[in-house]
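Quick heads-up: it's one chain on its own, the form predicted on its own, in structure tokens.
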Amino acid sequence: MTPIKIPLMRSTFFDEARTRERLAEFVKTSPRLSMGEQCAAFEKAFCAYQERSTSVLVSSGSAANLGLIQALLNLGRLKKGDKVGVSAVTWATNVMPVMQLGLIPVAIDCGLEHLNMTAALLEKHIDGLKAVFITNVLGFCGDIEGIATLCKKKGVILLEDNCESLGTRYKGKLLGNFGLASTFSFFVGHHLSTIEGGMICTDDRELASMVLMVRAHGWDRNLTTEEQKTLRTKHGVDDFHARYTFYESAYNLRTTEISGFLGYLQLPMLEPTIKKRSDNFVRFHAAAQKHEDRYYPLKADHIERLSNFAMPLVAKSPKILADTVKRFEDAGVEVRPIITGDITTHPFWTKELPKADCPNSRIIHSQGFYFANNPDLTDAEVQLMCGLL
């Protein structure tokens, strides 16, 4: 087997050596490593970057999805048995919390031209849905503004899993800002690395407060003094017993000061890495467009700035996919399927739910792949991968 020369992820951090040195010094000198001031500083800085009023740091992007759904259940905005639309091309832990918490996922197909849900595809299923948890796949989006308008018209909660699209801007707005709330991942291979980590963002104060409780056991420790007083008065809890009083169904989704430190340190480096990835994408996209007999053309001209950490393509036949994968792997370039492909074909889904009719997602499942778009790629490596197409 040819050794991997161009992996999907080459380094843990941007500016790897300096970041590791700073991290080692922080660990040696910090008086506290459990969640505290560093996490709060990262949350505040991420709010400013993402243009949201509240950001809540958690242990992973998957934890962010779980915590957000639980918070909506606790508030009564969702109820067990409600139907929630999900992107058919998504990540498993976008759908699993919906199922685990007693909601019913309804898979919505995507467009082959951008791998994402559209308002037209959603409209076929919108009646009966209480929420839509859309996944912005690999930096792309469909007409998400139209989706937001449709959801508002129908009284449906719109949530965004933006774990794969941090920094993409569409019609003047960052992805992750079109719905009630959004989730992000800082996994080591994503746009910004805290090794593991995630964030929940919203402008809804009531929801933000509930997320804070869901993150840590269901107690009120991270709420404002006024919010604590209201809760304690309502439930007849004195200040002594409030230290270990649990008001809501919750988890321990907290992370550590190490994650907070890394996030705060890496955030100023995010824009340069996005610029490098965006420039790489332009070259990959141009190369793929020369071969529309082999690959479905990707539409990106509706997106002001596309930010992805891997370059996806869908071959026009399984044979073309096999040929392309072999060519890449023979050259030492790591390739993967396009995340889950059609989520409704996976065993965890078929054990409990029927397969859905998602023909475009099925094509992506059987004929899609992606390869590296990391900021460490050299010009020669980008040129090599363009040539391999």
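All values derive from a computational prediction rather than experimental measurement. In this text, residue numbers run from 1 along the sequence as written.
This protein has a second form, the form predicted together with a small molecule, left out of what is shown; the following refers to that one.
Shown here without its partner, the chain carries Q70, L212 and S249, none of which come within 4.5 Å of the small molecule in the predicted bound form through any heavy atom. Stretch 180 to 188 is the contacting one of 74 to 82, 98 to 106, 223 to 231, 180 to 188, since its residues have non-hydrogen atoms within 4.5 Å of the small molecule in the predicted bound form. Think of it this way: in the predicted bound form, the small molecule has a heavy atom of just one of T324, Q50, T54, S62 within 4.5 Å, and the residue is S62. Within 4.5 Å of some heavy atom of the small molecule in the predicted bound form lies at least one heavy atom of T93. Although the partner is absent here, G197 sits close enough that one of its heavy atoms falls within 4.5 Å of the small molecule in the predicted bound form. When contacts are judged by a 4.5 Å heavy atom cut-off, T135 counts as touching the small molecule in the predicted bound form. Although the partner is absent from this view, C163 contacts the small molecule in the predicted bound form, with a non-hydrogen atom inside 4.5 angstroms.
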